[in-house]
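Next up: a single chain in structure tokens, the form predicted on its own.
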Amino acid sequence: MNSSTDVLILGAGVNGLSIAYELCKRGKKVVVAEKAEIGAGASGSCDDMILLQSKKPGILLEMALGSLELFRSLREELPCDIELDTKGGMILIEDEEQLSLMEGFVAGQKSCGLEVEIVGRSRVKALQPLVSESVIASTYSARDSQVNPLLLMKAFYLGASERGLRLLRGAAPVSIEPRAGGWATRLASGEEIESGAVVNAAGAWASQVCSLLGFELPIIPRKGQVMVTEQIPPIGATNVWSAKYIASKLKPVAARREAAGAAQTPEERYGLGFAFTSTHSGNYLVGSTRENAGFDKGTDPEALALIGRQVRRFFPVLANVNFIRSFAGFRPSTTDGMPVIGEVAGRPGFFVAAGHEGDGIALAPITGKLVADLVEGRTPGYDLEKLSPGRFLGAKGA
């Protein structure tokens, strides 16, 4: 069976569906081909944060701020609730070294327009009265927000379907070949789809898709393990992370020690950092690890025990709270920590939107808008040179 469309999107995670929604809004005929099911990758096994404070000053923070504004309009526009909430966020600081790191980081973020500050112990206790005495200070931003990723994907899908989206499940690409004016993609289902453009939004599997065209990108899975508490009353006024969590994202000590052949602690081996966020239902998501474990999606008792001990160290009141489940997901990670968004040089009409690591949910609306602009040949509202596939492939592609 053969068919044709304006745009074929490979991957039905949050970014693939955001791109589909935006293109359908603009009147494009769109097909999304997913090798498994909606949200089967990172988007269905992640936390719920639109965490501005974790973004480096520069293009990612600028995009995150723009994405938050789009979320606010999407909340009214999309056909179902996405549980968008703005509780603010705190990054807990336990020693002078962490304080020095976060002071420099916060200064850079403020220069880019983020409303964030360092607060002392008394303010910390006012916002988080049950936090451990080991916390000496914290960052605070009232703008950190969250959204339910499952409902967000549902909303993008329903909104795009109302505008003609066709979704194919169990339809991994097996070949992608150039055709006059576009591409011909054969799927595992046996169907061949001709399209003017192809968007590779396959997350941690994006490089495997690129290999069908004879090149690869340095996008790999980075596993994160998370636990979920039973429903409990609110613990404090905001969601919280640790300065160590931010440091593990910006300056991965474990990776440097491993490369140097140094012995690692269990915390370093798992890339442990503290994240503690509440959901609309009253459960808390507690994490997380940051592991280079290939496509092993299993949870590990040792890692889960470390996560449990860590949350009880920051919030001793949780000693008697039950964890009801755990899960692991694959953050699609690049070697420079930046997503890949753009057209591949030498392959006109083939676009990549992947490698967002832990920023996929936060950047989904802006990614959808930017990729739709690129597909239509418009100049996007941000300078995407630093995110271009060309930074890995060279100006002429692979």
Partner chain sequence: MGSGDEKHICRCEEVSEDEIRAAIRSGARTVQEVKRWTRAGMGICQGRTCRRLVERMLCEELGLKPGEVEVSSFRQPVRPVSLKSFED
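Positions refer to the first chain, counted from 1. Note that the coordinates shown come from a computational prediction; the quantities given were computed from them, not determined experimentally.
Beyond the structure shown, there is the form predicted in complex with its partner chain, which is absent from this document and is the topic of what follows.
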Which residue among Asp95, Asp296, Glu115, Glu230 has a heavy atom within 4.5 angstroms of its partner chain in the model of the complex? Glu230
Answer key, its partner chain contact in the model of the complex at 4.5 Å (heavy atoms) among Leu158, Val106, Leu84, Leu127: the residue is Leu158
Would Ser281 count as touching its partner chain in the model of the complex under a 4.5 Å heavy atom rule? yes
Taking its partner chain as it sits in the model of the complex, is Gly358 near enough to touch it, meaning that at least one heavy atom pair lies within 4.5 angstroms? no
With heavy atoms only and a cut-off of 4.5 Å, decide whether Ile235 touches its partner chain in the model of the complex. no
Partner contact for Ile38 in the model of the complex: its partner chain, 4.5 angstroms, heavy atom: yes
Heavy atoms within 4.5 Å of its partner chain in the model of the complex: which stretch among 326-334, 367-375, 60-68, 22-30? 326-334
Suppose contact means any heavy atom within 4.5 Å; which members of 10-24 contact its partner chain in the model of the complex? none
